[in-house]
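This document opens with one chain alone, in structure tokens, the form predicted on its own.
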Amino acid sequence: MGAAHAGHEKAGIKVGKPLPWEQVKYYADHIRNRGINQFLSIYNKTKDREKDGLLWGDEIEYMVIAYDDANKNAKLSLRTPDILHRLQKEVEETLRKGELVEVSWQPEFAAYMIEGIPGIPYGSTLKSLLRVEQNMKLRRATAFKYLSQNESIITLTNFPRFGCPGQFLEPHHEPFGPKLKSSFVPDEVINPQIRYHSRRGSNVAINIPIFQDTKSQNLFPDCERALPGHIFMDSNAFGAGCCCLQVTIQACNIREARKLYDQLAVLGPIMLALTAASPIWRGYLSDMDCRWFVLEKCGDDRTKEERGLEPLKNDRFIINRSRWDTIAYYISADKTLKSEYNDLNSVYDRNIYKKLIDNGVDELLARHMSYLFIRDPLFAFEDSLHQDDESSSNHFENIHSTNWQSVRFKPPPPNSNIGWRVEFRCMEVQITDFENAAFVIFMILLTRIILSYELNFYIPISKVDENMAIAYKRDALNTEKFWFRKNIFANYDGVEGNNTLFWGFGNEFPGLINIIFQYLESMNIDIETRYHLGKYLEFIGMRASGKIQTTATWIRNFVRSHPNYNRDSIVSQEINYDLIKMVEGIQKGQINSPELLSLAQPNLG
């Protein structure tokens, strides 16, 4: 949501004196206990609040590119801290003048990334949906003012040659730094505002299956941690350095927020497959199309004890899921939620659970929160260890916002007019503002039909996990089937593996897009709004039916049809340069790509 309304949390970004990890670990119980106290304070003050406005917003993460045209090299620019400073100064000046802030900016993990959000949240009217693409275009144009002549700002999920030998950064830095300890990525990719350390005790080992072309070879025959036929990566920067598209929705009350959390969690894997945009890793074509597998591996900060590799001695639990994962528990009090749908039995802190129950929190929400709080805090600041739990939520957010689940249930900030919110975190960012706007609008309309028609998407969470494992496979949208309910209008247990849920199948299921069109017809909207929303939905429908390509398929086809591609899965410096230039041309409207975009796009200025 917009900066003025969202209570935007960025884990690890704070001014103050950070404590070393040993002291963070020492204060972990203190931070957890105070965090739960802060949640209880917020919960007791806001659990009965009603009629909060149906406000919402989106977040887009951008990467800044520096071109070396003479050597045909597109590199990541590490200049975004300076660009961000100037953008935030512009926002401050706009506020000083008493003018409306239309766009706002936040730092991100990497020094080549920047996050843009609307300055104020969008409203509940359908006409407000038409502001999304306009605002996205404004964000891109605003950031462009502060770029150097050889720089560009683009929306790609990941940089294809991140971590490759040679120069992929501007300026160039060597790997093997003391923070990341990576053989491929230097410490300088980390935004200076990020407080970084690893509690895991060892670097992650990420192995992505390579796309086996006719001349592909084994990449790392001498590396013990690398699997044959896989692309090997050794740092969480490969995941944290990805860009995504997120949507945050404020519900009218806590009940609606909990319902949306559950229902959107089921849709997460399907929307991931629909927005698939990352088929290249470390300069190689992979056999995966999405970032989620990499995120799960990069966000896995569990120690050997927590992974069950050593007896518990210094840690509290054996944990069966990464810190970055799908949800562990449904939380809605809706009668359509059956106990058997929560079938994973993930570990949770029973002491915290009891404390929440004793203080009036219901069983489902208590289990959700006590699951999140099995984690340690990742950072702490000397000057903020002792807080007023009635007016601060810093300790709560320290742990809550560093659980990177596919959907996040967000309590209101303390003593604010902000309501209970849900953040949908799965989608991969798209090349153009039109595509990104279409997916944001589609998600908002989905929340409207979920609430208006009391739709029921529940399937066992184990099936959601199965769907997620399917979603990042190559061309999963068109070649795989997903678990989904046949009957979403009633409390019905049948589920069906099928990826045609957007347009329906037979007489059993009408399809999400058709239900949205039915909803729009019932709202008696004006002709112009109906026309433009119809164009966005038409694009979603064409993507879902395979009539136009996912971004991942388009990128893969671009590489394989490049005259310099040698059928060896390698994305060379020149191929990458031409790809990035093509992406820039498409997003600027200078190059037409009918394989990627529907031909009829609304022109909203």
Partner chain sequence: MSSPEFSNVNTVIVYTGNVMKQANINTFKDELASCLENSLKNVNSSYNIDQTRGILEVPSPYDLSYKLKDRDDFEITVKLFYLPSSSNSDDNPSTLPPSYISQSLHHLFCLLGITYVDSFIVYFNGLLFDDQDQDDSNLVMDDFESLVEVWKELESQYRNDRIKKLGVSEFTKNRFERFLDVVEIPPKIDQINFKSCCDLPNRMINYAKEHDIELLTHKDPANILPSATFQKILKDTKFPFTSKLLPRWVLKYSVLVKCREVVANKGYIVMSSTPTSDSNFTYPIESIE
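Numbering follows the first chain given and starts at 1. Since this is a predicted model, take the numbers as computed values, not measurements.
What comes next is about the form predicted in complex with the partner chain, which does not appear here.
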Query raised in the report: At the 4.5 Å heavy atom threshold, is residue 214 in contact with the partner chain in the model of the complex?
Result: no
Requested in this report: Could you confirm whether residue 307 comes within 4.5 Å of the partner chain in the model of the complex, counting heavy atoms only?
Outcome: no
Query raised in the report: residue 126 near the partner chain in the model of the complex, any heavy atom under 4.5 Å?
Result: yes
Query raised in the report: Any chance residue 519 has a heavy atom within 4.5 Å of the partner chain in the model of the complex?
Result: yes
Report summary line: Partner contact check in the model of the complex: of 368 to 376, 345 to 353, 84 to 92, 452 to 460, the stretch with a heavy atom within 4.5 Å of the partner chain is 452 to 460
Report task. Name the residue from 489, 317, 144, 176 that puts a heavy atom within 4.5 Å of the partner chain in the model of the complex. Result -> 489
Query raised in the report: Which residue among 106, 402, 514, 203 has a heavy atom within 4.5 angstroms of the partner chain in the model of the complex?
Result: 514
Query raised in the report: What are the residues of 231 to 253, in order along the chain, with a heavy atom within 4.5 Å of the partner chain in the model of the complex?
Result: 252
